[in-house]
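Only one chain is shown below, in structure tokens, and it's the form predicted alone.
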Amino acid sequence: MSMNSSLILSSTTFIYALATVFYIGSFPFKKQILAKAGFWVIVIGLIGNTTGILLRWVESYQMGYGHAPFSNMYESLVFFSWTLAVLYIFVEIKYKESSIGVFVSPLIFLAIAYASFDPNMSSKISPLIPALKSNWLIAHVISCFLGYAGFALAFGFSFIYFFKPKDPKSTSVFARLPSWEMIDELTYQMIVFGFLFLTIGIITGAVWANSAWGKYWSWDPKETWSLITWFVYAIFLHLRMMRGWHGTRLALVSIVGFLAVLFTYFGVNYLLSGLHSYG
């Protein structure tokens, strides 16, 4: 059975790749129709992504393991791609600004492509280790990944600052990017969203750790890095709200924050061992 979900998820990778091609192509050719197509292709990709995750969940029950598909690196990347797609679709519908897809669609594609094509990545469904058998797993993982998705979108949007020409009369292809105010607002909103969910993720993780191991916090490398990430974004919000920072300076803080997210997510798994290292 396990071929089904893996097959759907591999196909989803190509669908997201196609969306990325449409979005990026819409830019030099200045064709709105391509960006529109990119949007609908992401919606189709999201349907495939959702189906793959749900099928995997069913398959794990059929195999007698019965757990939500968030237990290894492969599953978490597939889910990360899903959260990015959902959040992006929401933002594009809300702001009607398709050119931002150029900066986000590659992230949606890369997350699932890494899961699908890395030869060391196992897409095998395996039983959960006893400590992970808890309903807190779902709450903790979903809130952390919604947080990561918010930060990833903010990261994509932060790059727009470096591409958008300063001169309002510029005729460069990048002149079509959203206004400075809008990029600023989008980056800020995504970080508020991400910060809220990362905070919930850290709290649910602590409560869960307490029920599993009898202590809320153990300075495991991932916990420590989550806290560092939380502080970077807290600094971002402080600079924006209290110091009135805007523009490129603030975009750099957002980029540094996302590098901390990536280290929390990948670096800790591959470089430091701890309770959170995925097999």
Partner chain sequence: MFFCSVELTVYTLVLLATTSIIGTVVLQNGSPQQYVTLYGNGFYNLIKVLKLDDMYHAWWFLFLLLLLCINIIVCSIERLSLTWKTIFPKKVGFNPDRFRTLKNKEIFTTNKEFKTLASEFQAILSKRVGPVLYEETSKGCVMYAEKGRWTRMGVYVVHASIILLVLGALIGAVFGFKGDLRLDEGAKADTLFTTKSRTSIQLPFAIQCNEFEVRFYDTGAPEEFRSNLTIIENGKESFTQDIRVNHPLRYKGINIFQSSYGTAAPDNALFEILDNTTQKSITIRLKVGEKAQLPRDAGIFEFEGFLPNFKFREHNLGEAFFGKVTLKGKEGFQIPLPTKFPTFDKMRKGQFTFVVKDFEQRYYTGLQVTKDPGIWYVYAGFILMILGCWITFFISHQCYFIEIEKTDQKTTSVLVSGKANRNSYGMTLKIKKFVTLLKDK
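Residue numbers count along the first chain shown, from 1. Note that the structure is a prediction, hence the values are computed from the model and not measured.
Omitted from view is the form predicted together with its partner chain, to which the following refers.
What I'd like checked is whether Ile129, Phe195 and Ile235 together line its partner chain in the predicted complex, meaning each has a non-hydrogen atom within 4.5 Å of it. Affirmative, all three are within 4.5 Å.
Would Phe163 sit within 4.5 Å of its partner chain in the predicted complex, counting heavy atoms only? No - in the predicted complex, heavy atoms of Phe163 and its partner chain never come within 4.5 Å of each other.
With a cut-off of 4.5 Å between heavy atoms, is Met242 one of the residues that contacts its partner chain in the predicted complex? Yes, Met242 sits close enough to its partner chain in the predicted complex that at least one of its heavy atoms falls within 4.5 Å.
When the contact criterion is heavy atoms within 4.5 Å, does Lys94 count as touching its partner chain in the predicted complex? Contact with its partner chain, yes.
4.5 angstroms heavy atom contact with its partner chain in the predicted complex for Ile200: Heavy-atom contact with its partner chain at 4.5 Å: present for Ile200.
Counting non-hydrogen atoms within 4.5 angstroms of its partner chain in the predicted complex, say which of Leu252, Val43, Val58, Ala212 makes the cut. None of the others qualify; the residue that does is Ala212.
Tell me, which of Gln189, Ser76, Ser98, Ser123 has a heavy atom within 4.5 angstroms of its partner chain in the predicted complex? Checked against the cut-off, the match is Gln189.
Location of its partner chain contact in the predicted complex, chosen stretch of 115-123, 76-84, 166-174, 133-141 [non-hydrogen atom, 4.5 Å]: That would be 133-141.
Taking its partner chain in the predicted complex, which residues along 150-182 bring a heavy atom to within 4.5 Å of it? Only Met182 sits within 4.5 Å of the partner.
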